[in-house]
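A single chain comes next, written as structure tokens; it is the form predicted alone.
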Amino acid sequence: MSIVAVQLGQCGNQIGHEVFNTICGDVRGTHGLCSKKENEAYHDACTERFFSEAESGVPVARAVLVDMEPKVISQTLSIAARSGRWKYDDQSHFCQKQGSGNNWANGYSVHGPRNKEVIMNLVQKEVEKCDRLSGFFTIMSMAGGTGSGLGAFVTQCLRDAFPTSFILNHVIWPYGTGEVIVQNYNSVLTLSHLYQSSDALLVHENDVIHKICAQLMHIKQISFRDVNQVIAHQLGSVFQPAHTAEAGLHYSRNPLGDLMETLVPHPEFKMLGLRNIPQMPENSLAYSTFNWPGLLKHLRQMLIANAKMEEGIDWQVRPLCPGSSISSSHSTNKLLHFNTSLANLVILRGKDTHGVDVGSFRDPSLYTSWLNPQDAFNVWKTPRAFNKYEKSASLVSNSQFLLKPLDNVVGKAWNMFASKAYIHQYTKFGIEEEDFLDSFTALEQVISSYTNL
């Protein structure tokens, strides 16, 4: 089954391009470390998932590109075409001459309704190229105007037009220091609207990826492209084909469906986080060896301590054993940092995956009490290595990982709202104070639900 990507705004289009680049590079690579038959099955499953075949023989990305300014889309189209390895369909993009000016209301209330028909026609054409549609993968930023405002509008349109298809929104969380003065308003409005129409939100935090670039990839002057390539690598490590427990020896046919079934057991809980190890500069790979017990020990502690990368993990954080009492204020403090999970998925790629012991992720103390740990944890595997890494592990987690950043954004937005700062910029495009209050209420409910896990 195929996934149609919808790239929205500057951020969405630049990340989307890197995702297809990473996937194509991985499939064409000779670093599979597996049998020829396995490699061919992997190649076929990936191509069906992300590309359609063109008469020229160059794979065409299953994607619709949308932005309110033409510059980024024209750059993205030409860079992909020049690579000679894959390209975008020349007819699958929509742009205009003026942007949304970082105003969510402008993207949602003006550009969205005005251009709905053209955008949805492009999506429909892309869907018709699929033999079977698994669903949509939208890529957007939360901070700006087009990606966030138009992105929220387009997601609602997708839900209306394709009620039985899965929608996974990939959302870029803005830098905490601030990119845009109204980014917290834009974030609150985006999240609350996506929560209504999306099946799940897969979140990447800019601050975290920036740290990975600096501390793990050893990049001195970090560019947006460096950040996007790390994000693309992490996304590829999840979306490339893998064997699920149900599929057995065949690659999963319904990638989005399998992801939702595994990770979203209740519609109140839709926030997914992603961790991937190891991550290092390409020139260090040749000198590094990894074993599965070591990788999984780190990945489990990253989950428990809510560490976003393998460097600087707090190894003191422990799950509370059933029946034990909390004695000192020290242990109470440590427990507060414990990250309770609703559901976890571990994906193993590379050598010797068949015998790997993942039992530590089935520990009931990692999960909320109202779910059976057997249902809350799944593992997917493939002997096919990913992106030059002999062994790599990814963890997609529905847990409390985003509570602090979410609480932070909602708090900052509320403080601005309480003093009526910049509200007039939104009301002039039809977003009223009641809309803000509805969004705050919706996100307070999400925070409350995750806090009480």
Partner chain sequence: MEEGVVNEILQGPLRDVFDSKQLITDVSGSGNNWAVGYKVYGCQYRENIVEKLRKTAEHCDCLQCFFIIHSMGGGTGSGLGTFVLNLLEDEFPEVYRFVTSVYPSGEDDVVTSPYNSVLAMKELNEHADCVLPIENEVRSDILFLNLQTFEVKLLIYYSARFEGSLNMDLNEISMNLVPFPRLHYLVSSLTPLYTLADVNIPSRRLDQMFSDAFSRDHQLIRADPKHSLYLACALLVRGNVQVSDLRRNIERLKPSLHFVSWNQEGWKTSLCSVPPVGHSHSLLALANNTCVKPTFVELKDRFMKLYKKKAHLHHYLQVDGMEQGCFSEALSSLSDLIEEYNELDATKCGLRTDPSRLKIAV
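Here the structure is a predicted model, which means the values were calculated and not measured. Residue numbers count along the first chain shown, from 1.
The next section is about a form of this same protein that is not shown, the form predicted together with its partner chain.
When contacts are defined as a non-hydrogen atom within 4.5 Å, none of Lys36, Phe51 and Asp357 contacts its partner chain in the predicted complex.
Interface residue among Leu285, Ala81, Ile181, Ala161 relative to its partner chain in the predicted complex, by the heavy atom within 4.5 Å criterion: Ile181. Among the residues Thr289, Ser369, Ser223, Gln91, the one placing a heavy atom within 4.5 Å of its partner chain in the predicted complex is Ser223.
Its partner chain in the predicted complex comes within 4.5 Å of no heavy atom belonging to Gly57. Proximity of Tyr175 to its partner chain in the predicted complex: non-hydrogen atoms within 4.5 Å are present.
Although the partner is absent from this view, Tyr426 contacts its partner chain in the predicted complex, with a non-hydrogen atom inside 4.5 angstroms. In the predicted complex, none of the heavy atoms of Gln240 sits within 4.5 Å of a heavy atom of its partner chain. The stretch from 404-412, 387-395, 57-65, 43-51 that comes within 4.5 Å of its partner chain in the predicted complex, counting heavy atoms only, is 404-412. Taking its partner chain as it sits in the predicted complex, the stretch 59-80 comes within 4.5 angstroms of it through a non-hydrogen atom at Glu69, Lys71, Val72, Gln75.
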